[in-house]
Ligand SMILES: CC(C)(COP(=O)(O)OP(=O)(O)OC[C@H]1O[C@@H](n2cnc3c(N)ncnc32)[C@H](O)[C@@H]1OP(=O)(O)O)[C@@H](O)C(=O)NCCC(=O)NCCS
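Next up is one chain by itself, shown in structure tokens, the form predicted alone.
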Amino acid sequence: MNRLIIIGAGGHGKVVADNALKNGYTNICYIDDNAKGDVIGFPIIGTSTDIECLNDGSTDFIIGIGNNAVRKMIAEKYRVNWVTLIHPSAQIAFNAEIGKGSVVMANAVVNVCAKIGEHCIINTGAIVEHDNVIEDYVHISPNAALGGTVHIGDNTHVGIGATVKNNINVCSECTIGAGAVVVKNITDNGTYIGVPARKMD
């Protein structure tokens, strides 16, 4: 199996490394602009300025950064072999689609006819129900639950334990706060909190 370089050696990058191990990668390393040495036993071999020279055609890459905007910037800047990682304990429907560069973490569920975009994070225990459409650079946080036929616009973050009712559309560039409950379509970008979720002033 190819070497895997994880871009970002922070907390999310650590979880990505564990996911990679469970997918059979044994040659794992990091690049990070703010850290040196090694992280959980895997070496940091350079910074973002080294990505081009490390792209030798036989190396796989994935972004281990939770921030949607940063993940988008990196993904659009570099043309490398972005891979998709799905934890073995995740439950993925036979016809679900998951885009390149995306990560599905432990015990997550992606149900039938769901479509996950590129460079998304479906985090630990998150539920993406049937017929969902998750656009690019979205982060569905741990234990968040999306009912059936939900559409989440690109660059949106759904916080820990948040719930989105079935048949709801959430526009791009939104933040849904931890524990929020979305019961109506969201058409204006911004931050939404509470039960039911309302836009912060």
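One rule holds for the numbers: they count along the sequence shown, beginning at 1. Since the model is a prediction, treat every value here as computed from it, not as a measurement.
Another form, the form predicted together with this ligand, is not on view; read the next lines as being about it.
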| query | finding |
| --- | --- |
| Selected contact from N169, T59, S48, S141, since only one has a non-hydrogen atom within 4.5 angstroms of this ligand in the predicted bound form | S141 |
| Stretch in contact, per heavy atom within 4.5 angstroms of this ligand in the predicted bound form, of 146-154, 51-59, 133-141, 32-40 | 133-141 |
| This ligand contact in the predicted bound form: G10, any heavy atom under 4.5 Å | no |
| Close approach of M1 to this ligand in the predicted bound form, 4.5 Å, heavy atom | no |
| S102: touches this ligand in the predicted bound form, heavy atom cutoff 4.5 angstroms | no |
| Any non-hydrogen atom of A178 within 4.5 angstroms of this ligand in the predicted bound form | yes |
| Any residue of 174-201 that, in the predicted bound form, places a heavy atom within 4.5 Å of this ligand | T175, G177, A178, T191, I193, G194, M200 |
